[in-house]
Ligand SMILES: Cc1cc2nc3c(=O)[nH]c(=O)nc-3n(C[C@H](O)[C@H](O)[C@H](O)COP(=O)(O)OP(=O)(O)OC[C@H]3O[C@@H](n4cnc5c(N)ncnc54)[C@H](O)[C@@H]3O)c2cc1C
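Single chain ahead, written as structure tokens, the form predicted on its own.
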Amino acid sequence: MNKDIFVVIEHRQERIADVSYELLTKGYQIAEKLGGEVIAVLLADDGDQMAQSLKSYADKVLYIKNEIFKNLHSEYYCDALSSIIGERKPALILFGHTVDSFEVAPALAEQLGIPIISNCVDFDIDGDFVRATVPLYGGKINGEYSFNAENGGIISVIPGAFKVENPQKSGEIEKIEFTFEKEYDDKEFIEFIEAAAGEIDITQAEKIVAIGRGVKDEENIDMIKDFADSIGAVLACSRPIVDAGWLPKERQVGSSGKTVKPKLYIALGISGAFQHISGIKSDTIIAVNKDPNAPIFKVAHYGIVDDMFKVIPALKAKIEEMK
């Protein structure tokens, strides 16, 4: 079995997606167990700069160049990857579980005749077997799946599942001018429409203060926002706050919102339903809730069982005193 890990790099408008760096980080953990290397597979038209930025994250950057790769085209992607992977036979091929890979990853698995596990939140390797965790029924339970990686296999991982660490490699770049034996005319890229920029991107915040039903009334949000500002945190929320129209969708954390990775996450009046918890990947979680049996306390590193409207003023005063 080839022991290398291939990470298929996702990019748009010449910007590499965060999930690709997350997968390169996880790839190193697996490669160390196997004794293989991490290969960043970049399909691009003008990708020299992106390839350079990947060098410190990979043992090798495999830059597959063709003008068709300026924009995503699943059939061309699949053909190129099938050709390269068929020759080099890595132990694992990693994709982000995103809209870009929804077509490519399953089609590639079928074309190569190898197994695939999609929508993973974690995976590891034990001997020749890859074992992956997949949330089911909206995250109510986790399923455990495995396959023998002797002949290779594909894993697609939900963005935000892993933290990024730069191993400071000095990977070489192997550039391949790729040509196709056939053309596809059933699809045509029309244009890329950038999503409207929100007020703030909570996925990039290092500190987050999040509110749930316990805030009780929209008028109380200003007090929480004032507290968040005082500690340099971003204000976020659970779904009920968005449904009530008190905060915009861009502030929502959870399975139907965004996955966040702050160093500090303070959950105020949030019960901790699985839909919300699935979106939190934080170093430190502090929960404040009047209900001692609230599920949020099962994942919190620190918990306060009390009324948030008593806790926040006291906490803010103490912080000001320390300053």
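From 1 onward, residues are counted along the sequence shown. Whichever C-alpha set is largest while still superposing within 1.5 Å between the two forms counts as the rigid core. Here the structure is a predicted model, which is why all the values come from computation and not from measurement.
Below, we turn to the form predicted together with this ligand, even though it does not appear here.
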{"item": "One residue of G152, G171, P159, G212 in contact with this ligand, assessed in the model of the complex (non-hydrogen atom, 4.5 angstroms)", "value": "G212"}
{"item": "Option touching this ligand, based on a heavy atom within 4.5 Å in the model of the complex, out of S118, S101, Q252, T203", "value": "Q252"}
{"item": "Partner-facing stretch of 64 to 72, 286 to 294, 27 to 35, 46 to 54, counted where any non-hydrogen atom is within 4.5 angstroms of this ligand in the model of the complex", "value": "286 to 294"}
{"item": "Heavy atom of D307 within 4.5 Å of this ligand in the model of the complex", "value": "yes"}
{"item": "is_contact(A273, this ligand) in the model of the complex, heavy atom dist at most 4.5 Å", "value": "yes"}
{"item": "is_contact(G269, this ligand) in the model of the complex, heavy atom dist at most 4.5 Å", "value": "yes"}
{"item": "Partner contact for P248 in the model of the complex: this ligand, 4.5 angstroms, heavy atom", "value": "no"}
{"item": "C-alpha of I39 off by 2 Å or more between the shown form and the other one on rigid core", "value": "no"}
{"item": "Shift of A58 between the shown form and the other one at or above 2 Å (CA, core fit)", "value": "no"}
{"item": "Core-aligned C-alpha movement of S118 between the shown form and the other one, 2 Å or more", "value": "no"}
{"item": "Inter-Cα distance between S101 and S238 in the model of the complex, nearer or further [3 Å or more]", "value": "closer"}
{"item": "Direction of C-alpha distance change in the model of the complex, E22 to R251 (at least 3 Å)", "value": "farther"}
